[in-house]
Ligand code: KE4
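Next up: just one chain, as structure tokens, the form predicted alone.
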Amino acid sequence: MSTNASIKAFQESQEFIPGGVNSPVRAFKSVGGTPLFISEGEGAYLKDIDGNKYVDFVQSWGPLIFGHRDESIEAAVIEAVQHGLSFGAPTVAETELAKLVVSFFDSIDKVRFVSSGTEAVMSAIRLARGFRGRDDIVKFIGCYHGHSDALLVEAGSGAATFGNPSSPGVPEDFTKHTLLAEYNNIESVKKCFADSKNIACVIIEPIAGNMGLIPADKEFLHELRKLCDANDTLLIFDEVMSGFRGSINGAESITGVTPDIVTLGKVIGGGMPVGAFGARAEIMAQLSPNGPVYQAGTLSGNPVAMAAGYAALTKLKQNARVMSVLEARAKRLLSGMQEAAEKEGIVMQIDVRGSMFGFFFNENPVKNFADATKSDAELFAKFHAGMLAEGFYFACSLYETGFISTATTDEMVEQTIDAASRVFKAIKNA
């Protein structure tokens, strides 16, 4: 398999773009080799500029639940474009998508759209601080909530990939109000509340996807809810990644824990850049122009993005049963890969939530970021390279999550398992 065109493109991109990429994890630094430059996607497949074709288990990091170039989403985008790209003024499309999003979540009465997950979380935290009149927040080590200054403290995903869990360029004054707790460890959260009586909110990925797939234990989330209630603190579920992926009705529907604020992204944009945050009416009433908490954005509610998101969520609502099909395929993929690994004496921890999946080359179950960092990064890099050579595109970091789309067939799943078996065998015999 030749990747000469990608190699050349990467060399050129590094002359004009820092690191040659516009998001760090894409640089392939943790897995080695040259990042593939993509020319097109179709259904479950990606094609690079060398003409190589891959079954795609990244799906643009989650939003493409119906695969690349879904006909209904593509048609909605084309129709919207024919009326204009951006107005900076209200459109009916915003209200229609807002109504649709609200219909999925018991915890959300109103929602505001923004342009990214980072912006959604940043705004949700500002809203929580304004609503409670407090400054401190609690986040969990390894959870990634975007790259706003106050949240780049022990971050997961791209920051963790490079072994640098906090970022230079972030003043200490911006993070002094951020308290850190350990994921799935309620005692660490209690310590945060003991250390501060000024906590406005606790933010958590209820299904963590940025330190690998690590779902929060239900018991832990229930205790977290009680702790927040006891301290009059808001609980934020960051579902930018897991929203409509882990469950069609959010993590609250599978954990029984109701958050105060939910942040969303990925699927609600159908492949276009969209984020959102929502809450009960009392909280959202504090948001400008009704209340004093300011948030704005020229491209918020962009009509093309709204059209894509509405088409994606409408299709998902009409085909809600597809979630169980996707989960079954993800479970088959992971169990098959695990069996193939075990035949070669390789220990593999696996997990699935809805159409999200994750795996670690780790001797022990993974419950938090410290556990995740004990995984075999070198083995993951070899596996990643081997699967690419076989024509299967997995996330280029062991701290990322994989995704199944409706375009991913049972046959593709079996082909992936067969390829994984060959790769594991080659790794052991090397």
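This structure is a prediction, so every number in the text was calculated from the model and none was measured. Residue positions are given as counts along the sequence shown, with the first one as 1.
Unshown form predicted in complex with this ligand; subsequent notes refer to it.
J.: Name the stretch, out of 170 to 178, 97 to 105, 111 to 119, 77 to 85, where some heavy atom lies within 4.5 Å of this ligand in the predicted complex.
T.: Looking at the partner contacts, the answer comes out as 111 to 119.
J.: Indicate whether this ligand has at least one heavy atom within 4.5 Å of a heavy atom of residue 210 in the predicted complex.
T.: Contact check for residue 210: yes, within 4.5 Å of this ligand in the predicted complex.
J.: Heavy atom to heavy atom, is residue 241 within 4.5 Å of this ligand in the predicted complex?
T.: Residue-level check for residue 241: yes, a contact with this ligand.
J.: Consider residue 23 of the chain shown here, and say whether it contacts this ligand in the predicted complex, taking contact as heavy atoms within 4.5 Å.
T.: Contact check for residue 23: yes, within 4.5 Å of this ligand in the predicted complex.
J.: Any of the heavy atoms of residue 139 lying within 4.5 Å of this ligand in the predicted complex?
T.: Flag for residue 139 set to no.
J.: Exactly one residue in 380, 61, 54, 394 has a non-hydrogen atom within 4.5 Å of this ligand in the predicted complex; which is it?
T.: Here the answer is residue option 61.
J.: Between 215, 303, 278, 146, only one gets a heavy atom within 4.5 angstroms of this ligand in the predicted complex; which residue is that?
T.: Of the candidates 215, 303, 278, 146, 146 is the one lying within 4.5 Å of this ligand in the predicted complex.
J.: In the predicted complex, which residues of 249 to 266 put a heavy atom within 4.5 Å of this ligand?
T.: The stretch touches the partner through 266 alone.
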